[in-house]
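Quick setup: one chain, the form predicted on its own, written in structure tokens, and binding and motion questions come after.
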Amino acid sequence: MPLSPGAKYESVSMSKPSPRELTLLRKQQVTPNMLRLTLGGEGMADFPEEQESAYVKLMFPNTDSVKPILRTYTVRAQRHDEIDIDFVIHEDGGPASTWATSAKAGDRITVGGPGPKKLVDDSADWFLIVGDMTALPAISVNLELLPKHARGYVIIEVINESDIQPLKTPDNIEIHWLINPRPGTRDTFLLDKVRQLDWLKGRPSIWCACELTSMRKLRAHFRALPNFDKKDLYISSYWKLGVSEEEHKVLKRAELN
């Protein structure tokens, strides 16, 4: 997940952290399509503090290779000896959601990272945060860290109305929940809502994360705005409909060339 030039980030170390084994402590069905797993155990002894919104790499056994299957997830919350990871549960179940659904307390998993945090620029005059359900953990953390005087908009695409979660936000942040039962099939779904919003005065901090084709539409829109400074935009794709994370990584890298 590369950072755009203007993205605010924090890194715990210049060296790459060694993977650690964590234990599944408990599970919670947050909404019908989102499952929260709490991981902890002895492997948390050297896990850096305050890593909410940082990403980690979950490592699953690979029957076709000695290399594990890697899947990227956001640290939704952290306490002194445990972290929460939220999984969007898909009917076609990839390795991560399949494991999350079937795993039981006491099961172990190897976790790499954490990587850099992706946060809005809290010195901006106003904020626009846009994402689908895969970005909801990171969006939630960003909202919790906003200053009390923050103003702006949040647009979140979820699979079902029952997937709407209560979020902690400043009073002047306006949240728009969009329902799309078929994620990744409507590439202007988020953009159409963005276009309906009033552009506020002052310098924005724009944070977007979603499916690749939706990300492309949003990025083109923002870059075409008059007097827009790309340093005010962090935008990333977290997945691509119909492809694995490995294939998505190749497509994502091509976006930078």
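Just so we're clear, the structure is a prediction, and the values are computed from it rather than from any experiment. For every residue, the number given is its place in the sequence shown, counted from 1.
Just so it is clear, the following notes concern the form predicted in complex with a small molecule, a form of the same protein that is not shown.
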Check: In terms of non-hydrogen atoms within 4.5 angstroms, which of the given stretches 81-89, 162-170, 103-111, 142-150 touches the small molecule in the model of the complex?
Finding: 81-89
Item checked: Non-hydrogen atom contact A96 with the small molecule in the model of the complex at 4.5 angstroms -> yes
Check: Taking heavy atoms and a 4.5 Å cut-off, does V243 contact the small molecule in the model of the complex?
Finding: yes
Checklist line | Touches the small molecule in the model of the complex: Y55 (any heavy atom, 4.5 Å) | finding: yes
Check: Might P137 be said to contact the small molecule in the model of the complex, defining contact as any heavy atom within 4.5 Å?
Finding: yes
